Structure formats: structure tokens, C-alpha cells
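Shown next as C-alpha cells: one chain only, the form predicted on its own.
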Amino acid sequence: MPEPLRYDPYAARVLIPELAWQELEPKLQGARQEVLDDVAMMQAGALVPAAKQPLDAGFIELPAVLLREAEARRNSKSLLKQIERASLRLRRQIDRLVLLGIGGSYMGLRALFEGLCPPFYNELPRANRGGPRLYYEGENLDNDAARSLLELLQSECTKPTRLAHRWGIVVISKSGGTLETAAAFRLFREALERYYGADSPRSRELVIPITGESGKLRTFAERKGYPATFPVPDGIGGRFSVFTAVGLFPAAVLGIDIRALLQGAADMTERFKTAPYGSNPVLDYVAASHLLERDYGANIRVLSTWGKRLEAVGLWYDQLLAESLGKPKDDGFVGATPITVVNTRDLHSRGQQHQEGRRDKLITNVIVEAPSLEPLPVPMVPDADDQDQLNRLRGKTWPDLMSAAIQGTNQAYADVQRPTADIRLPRLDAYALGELLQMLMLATVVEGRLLGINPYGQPGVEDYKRNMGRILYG
């Protein structure tokens, strides 16, 4: 088993009395048990009480289930095998992939792409990429962005018989009725059909819908005869769907190791179920976050990612936390506000406020302990050119500089009693990212149960959709 992710709330706990930490344990254990009971209820097909609806706890056991099925059915049509086969076909057929989806239908894949693919992936030659370039649409209603992507495809893709000129679509929508994605799908589907021919095999083979078992997109896909359509399972909400075909299929097209991703998630679930309080990343994360919010007013959660490649993980987590916990209760409102920062970049923008502003923040560092590529040395120059005095750093590397920045920043916060905690990944690979995403999803639902709210569903988001429809359709 690879070295596991570690969560260390050492600095946050300086502010938390040991008694408060201990007194929370029974409630936290109760919340964990409620989450596991939710899973059992779904697996048994039991009637879900009204207070628990919607109940979207299917994400918890899904990674282990997918891996088990693929292993047990070596020569059968397990979902994971189907995803691997279809993704390989698509990867070999196209050199540009347009991903259409909004919210959880694209944020999970974006987190995987930016975290696990080379930083300049789209700029690399095909031999160095191994898969198609990636573009997003359907996640906004930005006219200029959509038109610019269409114009790029039209100018760069002119010879459909050549791999370098072929592009395809993965469209993700559980219902098929989300306006942003539906409008983008119509726009890009028509462009694709004009390019390959409306009735050509490629106009069907190069469109992959990922949708619910029923709904507008499922019905349309069946009528069009798209040969590969993958499910968004019932019982898994959009922001929890990264380990369904929603995230797995396009990730596999890009060449990401989706089995390692699932294994990391499955192992984190097992730690969540069995590890004791005090050495359980999920329970400990919830405890530190909850106690600092409850007792010290730290209702802003800053996910401080060190390095550029995890920014999209933070943006994915922004949606996860905000939609899951930002809800009313009978006695008021709950839900911390999530913010993502990228350091050291944002030490030069938000660092001042975090250091000396309002005491309403918990800063959780996400730290990758070993770089994926060979460390860059700080170059040495002749003394006459040492105007920046960096020759004093002889023998140091860029990871050494980053480590010093992390330590120095944490010390600065500790000196003025600003709470911090660390999530440490031994390296940034598919296994570790699977652990991290599953940890944050589990922590979110446990905290929801601890607060006495339903962490699933997003009724507030539906209001804007209804108003939008009324304005547009009358």
C-alpha cells in the first residue's frame, strides 16, 4: 500500500482545550455512525424518511464496489472495464476533447486534470501527452468564451480524416435539462455534425453522453444512437460524482490511472470507518473545523494549496462545502464559507489579511511533500552578477524554498495564534488525490450530520434555475 495521506491539526489544537476535543468525540462518533447507517439504508433499499431526502450517500462505497466488480468479473462487462475500453477508443480517435458540464459535472474532472496531468499539457505534442487536448464549456454562459472555442476548433480542425484534426464531445448532465450545459451541447453538437456529416458514424462515435438512467439527455442519446453512454448513478449527487463515470471516463481518456484513484478513495473510506479518533483524517478534520467555528468564530475555511496544481481541487471543494453545508436550520443558519488560495502566490495578495485581519479563519494547508519532477537548483552566478544575493542559497532547490515558505508562514500564523492545520500528501499522484477527494467528501457529510442538517441536495440553487426559466420562457 502506498504511503497514506496525513492530517495534522497541531496548530489548530493549540487553541482548542483538550476537554472540548474529548467532549466532542461521542457526537462525532454518532455522526460517523449516522453516515454509515445512511449507506446501509441505501444498500438495503429501505424506505428513506422524509427528513433524510435526498439521500446521496452512494459515493461512499462506490470506489471499492467498482474495483471489486472489475476484479471479480475479469471477462465480463463491469462498469470500470467498460469505461477503460471506451476511453481508450476515444483517446485513439481524437486530439481535442470538449467537456460539457457544470458544477460537479466538470469540477471533479478539472481537479483531476490539473492535479495529475502536466501543467502545460495542452501545449505538448501528442507523443508527450498521450491523449487529446482538453477544453471546457457548458460551465458558464459566456458568449465570447464559447464563440472563441468554436472558432479555435474551426480554424485548427479542417481535415477530419487526420487524427490531429479530429475532436469529440463528452457531455455530462444527470437530467439533461441544465440550461448552461444543454445550450452548449446543442451549439457544439451542431458544429461537430457539420464537420463530420450529420449522419456519419463519427458524428455518433465521437459524442459520449454521461447522464441519468432516465431524462432528457438519456432519451436524446438513445434516439441519436450514440454507441457509448455512461450512467450518472442514482443516489450520488453531482458534487459527489468525481468517482463515477462523470470523473472517471474523461480522466481515463486523458490517460489518468483511474484504478489508482479509486484505490486511494477506497482506502480512505476504510480508514474513516475503522481508525480511532485522533488518528482518523476525516474525524479529526471535522473536529478541528467544527470546534474552531463553534467556539472561536472561525467560519471562513481557507484551503491553502501550496503549488499551482491543486488550485482546482480547492475550487472543487468550494462547491462541495458551500452547497452541502450552507443551509438554514430552525435555530439559524450554518455553513462555513470556503476560500481557496494558492501559495506562495497569494501570500502577496491575501496574506496580510490572514495574518492581521479578522480572526474568523481556519487555514488548512495542502502540502505535497515530494515534487513529481526532478528538483530545480537555484542557479549560481559570478559574484559580479549576484545583485539579488541568491548565491547565498548555494545547494538549495526550489522545493527547499517552498518548504521554507511553508514553515515560515505557519510560524508567523502561530506567533499571533492564527489557527492552521496541514493535509500532507507524500506525492501528487492518482492514489493520493483519490484519498484527498474522498476525505473531503466524507468530512463534509459527517459535519452535516453533526450539525443536524442534510448535507445532500441544494434547494437554494434550484431557485435561480426556476427564476431563469420564468424570465426566458415566460
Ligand code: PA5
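Start at 1 with the first residue shown and count on from there. Here the structure is a predicted model, which means the values were calculated and not measured.
Although it is not shown, the form predicted together with the ligand is what the next lines describe.
Interface residue in the predicted complex among T397, N122, S175, T337, criterion: non-hydrogen atom within 4.5 angstroms of the ligand: Exactly one residue meets the criterion: S175.
Consider the chain as shown here, without its partner, and state which of G168, G307, G131, G103 has a heavy atom within 4.5 Å of the ligand in the predicted complex. Only one listed residue qualifies here, and that residue is G103.
Since only the chain is shown here, I'm wondering whether E323 would be in contact with the ligand in the predicted complex (any heavy atom pair within 4.5 Å). E323: yes, in contact with the ligand in the predicted complex.
Might Q319 be said to contact the ligand in the predicted complex, defining contact as any heavy atom within 4.5 Å? Although the ligand is absent here, Q319 would touch it in the predicted complex, with heavy atoms inside 4.5 Å.
Would K361 show up as a contact with the ligand in the predicted complex if we use heavy atoms at 4.5 Å? Judged by the heavy-atom cut-off of 4.5 Å, K361 is well away from the ligand in the predicted complex.
So in the predicted complex, does G115 come within 4.5 Å of the ligand, heavy atom to heavy atom? Flag for G115 set to no.
Residues in which of 143 to 151, 231 to 239, 195 to 203, 364 to 372 have heavy atoms within 4.5 Å of the ligand in the predicted complex? Partner-contacting stretch among the options: 231 to 239.
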